[in-house]
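First, one chain by itself: the form predicted alone, in structure tokens.
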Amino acid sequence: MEQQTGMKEAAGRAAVDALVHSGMKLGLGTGSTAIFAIRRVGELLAQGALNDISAFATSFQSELECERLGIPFYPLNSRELSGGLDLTIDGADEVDPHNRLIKGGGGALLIEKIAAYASAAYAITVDESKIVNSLGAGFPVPVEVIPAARVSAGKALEALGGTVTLREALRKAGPVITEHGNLILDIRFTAPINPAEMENNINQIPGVVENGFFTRKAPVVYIAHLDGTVEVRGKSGQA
């Protein structure tokens, strides 16, 4: 566990050091890897190495961390951000050889996808355990649905070849409720699937709000390895 935490921190720090510049409108992701990128941004602001950062936090958890570190953050619709970001840095649950992703293990997939697709450049930080040959067989794909569509959307997802499980909360009886009042269905695929097609097909189901396939914006991926190195895969776009 300590080694994995060290890898997550190395990936987050490497991405921030390479890509984040003063004056940026910066999307900050959610989860146990993305939090290290947030902390590095806070550290550089405190040192004076960065300034004039306008951040967008993709979850309440990330907002609290920004607040703790003194990172200025705003709604995406604010005058400061105007609906667009220069760069978003986030984590991922799985990354395939084409840098397509599964995200949403922390339940923030809707806002994470809005931030990713509103960004000029997109970076993902992971440890080596998140690299897979194909998506959807190991880590479940989260699908956010409105409560009224729990059963009907579940049946439609099964018709696409998935095994559906309602995500249950930890330390609370009952299902996970997202920050938007919705439920999460976790989907596993036993047969190989086309992630790009599946991202589109799932979102056609009535009652589905968003799903955890991220295929339409290829990120640069920072992969931390156990030997202490950080591999960079892909192009950094306009960052």
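None of these values were measured; they are calculated from a predicted model. Note that residue numbering begins at 1 and tracks the sequence as displayed.
Heads up, the form predicted together with ligand 5RP isn't pictured, but that's what we're talking about next.
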Checklist outcome for this item: Assert contact residue (ligand 5RP, in the predicted complex, non-hydrogen atom within 4.5 Å, options Val145, Val141, Ala123, Ala108) equals Ala108
Checklist entry - Are Lys8, Ser32 and Asp93 jointly within 4.5 Å of ligand 5RP in the predicted complex, each by at least one heavy atom? => result yes
Next on the checklist: Please identify, from 171-179, 194-202, 23-31, 64-72, the stretch that has a heavy atom within 4.5 Å of ligand 5RP in the predicted complex.
Outcome noted: 23-31
Next on the checklist: Since only the chain is shown here, I'm wondering whether Arg100 would be in contact with ligand 5RP in the predicted complex (any heavy atom pair within 4.5 Å).
Outcome noted: no
